[in-house]
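Given next, in C-alpha cells, is a single chain: the form predicted on its own.
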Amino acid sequence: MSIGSFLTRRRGGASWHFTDVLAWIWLVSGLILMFGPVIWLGLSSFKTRAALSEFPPTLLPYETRMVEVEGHDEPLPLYRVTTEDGEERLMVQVRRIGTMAQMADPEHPEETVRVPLQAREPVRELQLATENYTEPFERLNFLRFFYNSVFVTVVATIITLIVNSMAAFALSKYEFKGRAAVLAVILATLMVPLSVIIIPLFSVINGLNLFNSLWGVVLPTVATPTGVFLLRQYMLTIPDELLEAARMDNASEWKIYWRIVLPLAMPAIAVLAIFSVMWRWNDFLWPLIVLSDRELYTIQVGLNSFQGELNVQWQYVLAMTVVSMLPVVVIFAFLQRFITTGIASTGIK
C-alpha cells in the first residue's frame, strides 16, 4: 500500500465518516504542537537581531530591502510611502527624527521630504542571516564549546555503558546475599533529585582536584540507576543455560560478559546509549557549577554566555540552539529502531 492511499483511507469507504474527521483533526493538531516550535526555531535562527524584535513577529526571515544611493556610503532601507494624495512611491529613508522620517527618491536623493512613520511600509524580501551561524564559530569560540560537549558526551556514555552493564550483569545473573537490598538501594536513588546532592557532590569533586575540569563533569554521572535497572531487566531474558554451557567450556566470567551477554543485550544498550547522549549533551546545571574557565564550557553553558545583564544576543542563541540539536537528532535517527525493541523486552522473562 502506498503512503498516499494509506493517508487517504476512510472508515466510511468512499464517504467521510465523522471519526475520520476527528482522527485528522487530532493528528494534524498533534503534528503542529510537536513540530511547530521546532520549525519556528529553525526559521527564526536565520533572522537578524532587528527582525527578531519586530511585533507582530513573522514566520519567515524577512528583511527590509537595502539599496545603494548616490552620495551615501551605506545602503539605505527602501520603503513604500503613501503620499497625501494617495499615491504610492518607493523611497529610501535617509534618517528618522522622532515620529517623522526623512525620505528621498533613490534616483534623486538630493530632494528629501518629511513623512510620518505610519505613512510608510518597508519593502521586505526573504533574506537568510547566515552570519548567525558563522560568527559564533569564528569570533565567539563556539567550536571549542562544541568539542567539549562531544568529549563529555562520548566519554561519559562509554563509561556509563560499561559500568551499568557490569552492575546489571551481576544483579541479574549472580545469586548472592543482599542482592535484592542492593537493587532496592539503587532504585531508591531514582527519587533523589540532583539539587539535593549538589553540595556533597561538589565537595567530593573539589577534594579530588577535579573542579574546573571536564572529568569533573564526566565522572559523577556515569553510574545511573535508570541504566542499571533497564539493562538488568533485559539481561533477565537471557537464558541462564546459555551461560552455564559457556562455563562448562571453561569460559571465564569476563568472556561470558563480553562475548555472550553484551551482544545479546545490544538493543537495551542502544536504548541506554540514546538516553545517555541526551542526558549529557543537554546537561546544564552540573557543568555550570563545575566549570569556571570559559575554554572548558560545554555547549549548553556556552549558550548561556550569550546572555548578558542587559543584552541578550538572541540571533546567536537561536542559531546555536539549532546546532546543538543536530547531533542528538542524528543519533536518535540511527538508533531509534532499538528503542521499541529494547524497552518492550525489558519486562519479558
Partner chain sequence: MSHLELKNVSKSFGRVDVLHDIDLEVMDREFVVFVGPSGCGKSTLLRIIAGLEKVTSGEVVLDGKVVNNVAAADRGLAMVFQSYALYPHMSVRQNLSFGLENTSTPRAEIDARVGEIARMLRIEELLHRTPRQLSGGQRQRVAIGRAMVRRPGIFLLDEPLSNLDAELRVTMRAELAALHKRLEATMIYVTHDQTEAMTLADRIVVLRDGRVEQIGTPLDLYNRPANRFVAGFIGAPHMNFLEGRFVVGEGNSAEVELDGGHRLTLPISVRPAGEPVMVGIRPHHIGLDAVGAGIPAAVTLVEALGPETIVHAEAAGHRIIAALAGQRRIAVGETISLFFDPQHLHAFDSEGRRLPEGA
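Numbering follows the first chain given and starts at 1. Since this is a predicted model, take the numbers as computed values, not measurements.
What follows is about the form predicted together with the partner chain, which we do not show.
Practice task
Work out which of the listed stretches, 94 to 102, 253 to 261, 67 to 75, 125 to 133, brings a heavy atom within 4.5 angstroms of the partner chain in the predicted bound form.
Solution key: It is the stretch 253 to 261.
Handout entry: 4.5 Å heavy atom contact, residue 113 to the partner chain in the predicted bound form
Key = Residue 113: no, not in contact with the partner chain in the predicted bound form.
Exercise for the section: Mark residue 143 yes when one of its heavy atoms lies within 4.5 Å of a heavy atom of the partner chain in the predicted bound form, and no otherwise. Expected result: Taking the distances in the predicted bound form, the answer for residue 143 is no, it never comes within 4.5 Å of the partner chain.
Exercise for the section: Answer with yes or no whether residue 245 is in contact with the partner chain in the predicted bound form, where contact means some heavy atom within 4.5 Å. Expected result: Contact check for residue 245: yes, within 4.5 Å of the partner chain in the predicted bound form.
Handout entry: in the predicted bound form, residue 241 touching the partner chain (heavy atom, 4.5 Å)
Key = It does: once the partner chain is placed as it appears in the predicted bound form, residue 241 has a heavy atom within 4.5 Å of it.
Practice task
Have a look at 249, 87, 138, 107 for me and say which one sits with a heavy atom within 4.5 Å of the partner chain in the predicted bound form.
Solution key: The residue in contact is 249.
Handout entry: Stretch 89 to 107 - residues with a heavy atom within 4.5 Å of the partner chain in the predicted bound form
Key = Going through 89 to 107 in order - heavy atoms within 4.5 Å of the partner chain in the predicted bound form - there are no hits.
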